[in-house]
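Only one chain is included here, represented as structure tokens and corresponding to the form predicted on its own.
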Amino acid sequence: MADLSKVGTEYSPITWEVERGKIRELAKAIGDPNPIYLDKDAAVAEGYKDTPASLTFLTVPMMWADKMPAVINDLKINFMMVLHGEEEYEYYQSIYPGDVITGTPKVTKMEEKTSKSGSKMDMVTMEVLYTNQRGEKVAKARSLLVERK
């Protein structure tokens, strides 16, 4: 059962260097055939300065930086009972290969809810505001974790 007193808790920052290969790998993994994620020339022809990170790219640093297991443990969440509720991204500017993005995960909301069938669950909302190497805001990621009881 999630420790609902953890609302407002911030965790150590995630720093991630964006690589062209990771942008390409994610596009291929999710089956996105858009050439702007696969080829720099195609991206430039479409008005980008380089191959942009895809809209769901911010999942990569959070998962590959190994922060989630520590967050889950600190929140006292039973990982075996977790469902991924939703993911939302708000972009302020494009993210490109060579950018170094840093974000601090923060618990912004926690609440217990009851389903229509009467079962209880904890809803945990995490938010990460990412900045680039110039200190400019580039994006905000929000995740909803659902812990079934």
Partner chain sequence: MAQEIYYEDVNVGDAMPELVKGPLQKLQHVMYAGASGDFNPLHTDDDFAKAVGMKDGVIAHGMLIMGIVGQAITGWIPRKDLKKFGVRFAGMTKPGNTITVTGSVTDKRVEDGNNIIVCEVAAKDENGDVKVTGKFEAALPSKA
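Residue numbers count along the first chain shown, from 1. Only a predicted model underlies this, so the values are computations on that prediction, with no experimental measurement involved.
Another form, the form predicted in complex with the partner chain, is not on view; read the next lines as being about it.
Trainee: Which one of Lys106, Lys28, Lys109, Lys40 is close to the partner chain in the predicted complex, taking close to mean a heavy atom within 4.5 Å?
Mentor: Selected option: Lys28.
Trainee: Evaluate Pro97 for contact with the partner chain in the predicted complex, applying a 4.5 angstroms cut-off between non-hydrogen atoms, and reply yes or no.
Mentor: Pro97: no contact with the partner chain in the predicted complex.
Trainee: Using 4.5 Å between non-hydrogen atoms, is Pro33 touching the partner chain in the predicted complex?
Mentor: Yes, Pro33 is a contact residue.
Trainee: May I ask you to state whether Lys22 is within 4.5 Å of the partner chain in the predicted complex, using heavy atom distances?
Mentor: Within the cut-off, so yes.
Trainee: Since only the chain is shown here, I'm wondering whether Lys116 would be in contact with the partner chain in the predicted complex (any heavy atom pair within 4.5 Å).
Mentor: Although the partner chain is absent here, Lys116 would stay clear of it in the predicted complex, with no heavy atoms inside 4.5 Å.
Trainee: If you apply a 4.5 angstroms heavy atom cut-off, which residues in 65-88 are near the partner chain in the predicted complex?
Mentor: Contacting residues: Phe79, Met80, His84, Gly85, Glu86, Glu87, Glu88.
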